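Presented below, as C-alpha cells, is a lone chain in the form predicted on its own.
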C-alpha cells in the first residue's frame, strides 16, 4: 500500500466514526427518548475523541509526510486531497483530544437545555450551557490562532479562506441596499392579505406533496428520507444515506414545503458528491457558504418561481381543496409577501439577510468579550429593534430561536448570506445556457441539476470556495446577482403582484 493509499484508508476510517456520530445525532433530534441523554452524551463524546485521535495520530502524520514527499501531479484530485489533509491536520493538532471530548459532552446536554429553554421561553435555562460553549470556543480560537480577532478562527472552520474583517465590510456595504429592498417589499406587500393561504392542511397530505416535489427536483429517496423534528436540518449518515427533516403547520403547508426544498437542496449536494471518495476531501462539501447556496437556490430561485407553481399549484389544489379558490397570481403574491418578523427560518427573502447581520454582530461581540452571555437577550432585542423596528416579545421569538449555539456552531451564521450571494450567482450563470433556460420555463430541473453536479457537487473540496465560484461563474463571490434578483422579485411591478381579496 502506498502512502497515499494508507491516507485514504485512514481518512475513511475517520469518516466512518464521524458518520456513526451523525447517526446518533440524527436519532437524538428525531426519536431518542429523553432519559437516554446522558448515555448518548457519553457515546458522542467517546466517538468524537476517537475520531480526533485518529486524525491527529502518528499513523496519519507519518502517512501524510510520506505522501507529501512522494509528490503528486499538480492540480490533480490527489494533490488537492493532500493539501486539505495537511491543512486539517495542522488545525486539528492544535486542539487536545480531551477538549474535543469535553465539547461533545457539553453540546449534547446543551442541545437538550436549549429545547427546554425555547419551549419555556426562558434564556436562563440555556445560559450556563452557552457560557461553557463560549469558553471552549474562545479557547479553541486561541489554540488555532487568528489574524485579527477570535471570530476569524471559528469562521474559517466553516468557510475556508474567509476573514471576519472582509465579511463585515461586505455586510456593511450590503445593509443599506438590503434595508431599502426590504422596506419597499414590506410596503408593497401590505396589499396582500396575511392569511391568504391559511386553511386545513393534513400532515399526511403535506408529506405526500413534499415527497413528490423533492423527488421531482432530483432527490433520491433510495438514498435518503424525510423525518420530523423541532428545527429542520439535513445530515449525511453515509454516501447513500442523506436525511432531511422538517416541521409541520397544519394551517399553512408552505412552511414545511419550503423547509423541505431548502433541506433537499443540501441533500442534492450531498447525493452529488463522489461516493467512491467518501472520507476524502474530494468527496466532501467544500464549505457552508457553498452548501447554503444549494439550499437557497432550490428553495428560492426554483421553489418560489412562477414556472414552478404553474406546474405544482394544480397538484397542491388536488390535495388541499381550499387552494382551488386561488389564482396563480394570488398564490405567488402570497408566497412573495414580505413582512418584518421575528423568526429567521420563517423570514421571507426580502428580510432574511437582516436576521443574519444581527447574529453575525452578536457572535463577534461574544467572542471579542464586549458582550456577556447574560446580556444577550437585551442586546439581541435592542439590535433587532434597530434593524426591524420591532422588539421581540420573549426569548423564544428572540435569542432562543436557533439551535446553532447549542451545537457549538459559533461562526456559522455568516455563511447563510454568503450562500444567498452564491446561489444567485450560480443560478444566473446556469440560466445563460439556452437548454437550462428553456427547461426552467417548463419546470424541468434535470438540466439545472446536471449543471450543478458538474460545476459544484463533483468537485468536492478540490477547489477552495472562492476558486470554485470563479471556475463556475467567472468571478469570486459577488453581491451583484443577488441584489439584482431581490430587486426584480420585490421592487419591480411584476415582482409584487397584488392579491385580490
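Positions refer to the first chain, counted from 1. Quick caveat, the model's predicted, so the values are computed rather than measured.
One more form of this protein should be noted, the form predicted in complex with a further copy of the same chain, which is absent from this view; the next part is about it.
**Student:** Quick one: of 258, 413, 278, 308, which gets a non-hydrogen atom within 4.5 angstroms of a further copy of the same chain in the model of the complex?
**Tutor:** It is 278.
**Student:** Find the only residue in 58, 435, 35, 471 having a heavy atom within 4.5 Å of a further copy of the same chain in the model of the complex.
**Tutor:** That would be 35.
**Student:** May I ask whether 139, 150 and 377 all come within 4.5 angstroms of a further copy of the same chain in the model of the complex, judged by heavy atoms?
**Tutor:** Not one of the three qualifies.
**Student:** Answer for residue 69 alone: is it within 4.5 Å of a further copy of the same chain in the model of the complex, judged on heavy atom distances?
**Tutor:** Contact with a further copy of the same chain, no.
**Student:** Considering non-hydrogen atoms and a 4.5 Å limit, does a further copy of the same chain approach residue 367 in the model of the complex?
**Tutor:** The answer is no: residue 367 has no heavy atom within 4.5 Å of a further copy of the same chain.
**Student:** Contact with a further copy of the same chain in the model of the complex for residue 237, defined as at least one heavy atom pair within 4.5 Å: yes or no?
**Tutor:** Looking in the model of the complex, residue contacts with a further copy of the same chain include residue 237, since a heavy atom lies within 4.5 Å.
**Student:** In the model of the complex, does residue 449 come within 4.5 Å of a further copy of the same chain, counting heavy atoms only?
**Tutor:** Looking in the model of the complex, residue contacts with a further copy of the same chain do not include residue 449, since no heavy atom lies within 4.5 Å.
**Student:** Quick one: find which of 472 to 480, 23 to 31, 436 to 444, 453 to 461 has residues within 4.5 Å of a further copy of the same chain in the model of the complex by heavy atom distance.
**Tutor:** Heavy-atom contact with the partner occurs in 23 to 31.
**Student:** Pick out the residues of 84 to 101 whose heavy atoms come within 4.5 Å of a further copy of the same chain in the model of the complex.
**Tutor:** Heavy-atom contacts within 4.5 Å come from no residue here.
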